[in-house]
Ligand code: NAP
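Single chain ahead, written as structure tokens, the form predicted alone.
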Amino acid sequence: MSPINLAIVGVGKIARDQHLPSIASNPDFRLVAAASRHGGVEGIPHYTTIEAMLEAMPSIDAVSLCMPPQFRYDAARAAISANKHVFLEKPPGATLSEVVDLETLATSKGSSLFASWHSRYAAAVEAARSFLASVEIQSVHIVWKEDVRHWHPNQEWIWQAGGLGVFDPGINALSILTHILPSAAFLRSAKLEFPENRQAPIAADLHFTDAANINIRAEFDWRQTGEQTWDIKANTSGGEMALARGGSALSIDGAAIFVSSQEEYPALYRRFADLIAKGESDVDLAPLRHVADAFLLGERIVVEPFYDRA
């Protein structure tokens, strides 16, 4: 089969660091165009809007949308309306309602819509899921702490309403949690810390239970310097499971479990190609629902101002 003609929209840090290398290494795709207000990709046509790109290049089969979530709905709707397949960087949108609308539109058009959760494709996640399905879970503790100045330097959109703040990385932990737990969890309480000069939280402390009343706690913080922490631990009848380094390492009672060397974004693009080939979509909103619940139930705590440079 001929490669899928793919365009990328939003040529920022995540596109350059992850999407472009993954596309280049996947023979199922041919990168043919880019649309971005500020940057292009060498060697292919560049447009400042997705509308101009779609009009000028009707041969495009699919688009990857890598712009901030506040702007993703209009771009996705334009692409699906033009009968293109759409890859949504996480989170898939700024609200649940707009993503549901996109899924409905994609179904009506016969387009594949992929709400990607890259952390679910980390090397040890499937092994952790299999383990938890075989034991009785007693409690779960997530610690997801990193340095926003390192990962999102001078990116003001993440601090604006709809930018999610610390839930931008925290939703990665929730995407793993909702994938590996055998049953659904429900948020019971939350504390969200908002810098007094920002519209999005810098830290969150979330408490969940499931139908069996298992205690699940998630701690997110964007102020951690030095070594970064992306860990999920579960006390179980089969020992303590530790899913570490963002889902790339797994141990049971301290003993390392062998996992694959799978890389997240190349796996995402293999999944996208498979969805297109099968005429299917993959739009799981569970992680975003948990974030929405946190904003609904969360106690708002105002903390000291945050500036990009300390």
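This is a predicted model, so every value here is computed, not measured. For every residue, the number given is its place in the sequence shown, counted from 1.
Another form exists, predicted together with the named molecule; not displayed. Remarks below refer to it.
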query = residue 155 near the named molecule in the model of the complex, any heavy atom under 4.5 Å?
reply = yes
Considering non-hydrogen atoms and a 4.5 Å limit, does the named molecule approach residue 69 in the model of the complex? yes
Query raised in the report: Can you check whether residue 300 is within 4.5 Å of the named molecule in the model of the complex, heavy atom basis?
Result: no
(Q) Please determine whether residue 10 contacts the named molecule in the model of the complex, using a 4.5 Å cut-off between heavy atoms. (A) yes
Which of 223-231, 100-108, 236-244, 87-95 lies within 4.5 Å of the named molecule in the model of the complex, heavy atoms considered? The stretch 87-95
With the partner omitted here, the residue among 118, 145, 179, 77 that in the model of the complex has a heavy atom within 4.5 Å of the named molecule is 118
Exactly one of 26, 36, 281, 248 comes within 4.5 Å of the named molecule in the model of the complex through a heavy atom, and that residue is 36
Contact check, 254-283 vs the named molecule in the model of the complex, heavy atom within 4.5 Å, ordered by sequence, gives 265
